[in-house]
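As a starting point, one isolated chain is supplied in C-alpha cells, in the form predicted on its own.
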C-alpha cells in the first residue's frame, strides 16, 4: 500500500521527466555546441551562409581532409603557449585555496566560539568589503605595486585574490562552525586536549564537507577571475581567462577565434571533473551549513 501511495501518477511522472530532459538539454547545449565547434575551422563554426556547416564541416573537410581537426587546440596550446597560462592558473588557484582555507578556518572557528559583541561587526565589515566591486579594490593596489616593482608577478595576484576572497570564506566557515555544538570541543578539552588540538582532532573531521564546499567556491573565484588577473599580471604570467581574451584581441585575426574556442573547452573540462568528483561533499557541506545543531 505504501508503494502505491508514494507512486506518482503516470502523466505527472512523464511531465517531470520531460521537464528534466529539456532542462538538461538547455543547460548542456552551449558547452556541447562549443566543444563540437572546437574541432572545426572558423569558416564552418561561424558560417553565415548555412548554420549546418558547423555540424557537417565542409570547409574543415576541404582544408584538412576530415570534418574534424585539432588545429584549434594545436594553435592554442602549442603556437600560443596556452599551457603556460594553465600552469599559472594552477599555481594561483592552489595557493589561493590553501591560504584562504587556512585563514578562514582558523578565523571562522575563533569568531564562532567568541562571545564578544565585536564578532558581528567584524563579519559585517567583511561583508561590506566583499560586496565592493573588484576593480575598485584592485585599483588601490596598482600604485604601490608599481612603486615596489612587484606588479605582474603571481605572488602579488595571489595576495590580492586572498584578500578579496577572505570575507566570503569567513562567512561560510563561520556559519558551518555555528552548526557544530560547542559541547564537542569542550568534551575534547575535558579529555586533555588543548584548544587547538580540540579544533584539529574533534572539529575539523566533522567540518570536512564544509571545508570542501568553501574550498570549491574559493577555487572558482581564482580559476574564473578576469578583473584581478588581467590588471595585475603581465602577459608572460597571464592566467587562462585573460589569455583566452588575448586570442580575440582588438582586431580579430583568421584562425585565432578558434584558438579561443579550443581554450574555452580546455578550461571548462576540469571544472566538470572537479564538481563530479566532489559532488557528495558539496551537497553535504551546503546542507550542514544550513542547519544549526
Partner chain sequence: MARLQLKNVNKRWGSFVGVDNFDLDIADQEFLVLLGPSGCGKSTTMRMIAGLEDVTDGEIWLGDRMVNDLEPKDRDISMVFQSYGLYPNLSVYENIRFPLRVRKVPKEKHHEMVMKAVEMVELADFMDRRPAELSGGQRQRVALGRAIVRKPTVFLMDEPLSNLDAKLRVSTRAQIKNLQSKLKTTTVYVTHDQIEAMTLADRVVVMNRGRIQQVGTPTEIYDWPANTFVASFIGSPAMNLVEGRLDGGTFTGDGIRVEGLPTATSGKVTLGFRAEDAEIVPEGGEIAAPMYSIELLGEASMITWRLGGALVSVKTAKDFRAEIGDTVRARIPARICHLFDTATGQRIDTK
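Positions refer to the first chain, counted from 1. Worth saying up front: this structure is predicted, and the values here are computed from it rather than measured.
Absent from the display: the form predicted together with its partner chain. The rest refers to it.
Within 4.5 Å of its partner chain in the model of the complex, a heavy atom is found for none of 111, 123 and 127. Interface residue among 206, 106, 94, 178, judged by heavy atoms within 4.5 Å of its partner chain in the model of the complex: 206.
The listed set 160, 71, 202, 216 contains one residue whose heavy atoms approach its partner chain in the model of the complex to within 4.5 Å, identified as 202. Of the candidate stretches 147 to 155, 188 to 196, 96 to 104, 166 to 174, only 188 to 196 contains residues with a heavy atom within 4.5 Å of its partner chain in the model of the complex. At a distance threshold of 4.5 angstroms between non-hydrogen atoms, residue 184 is in contact with its partner chain in the model of the complex.
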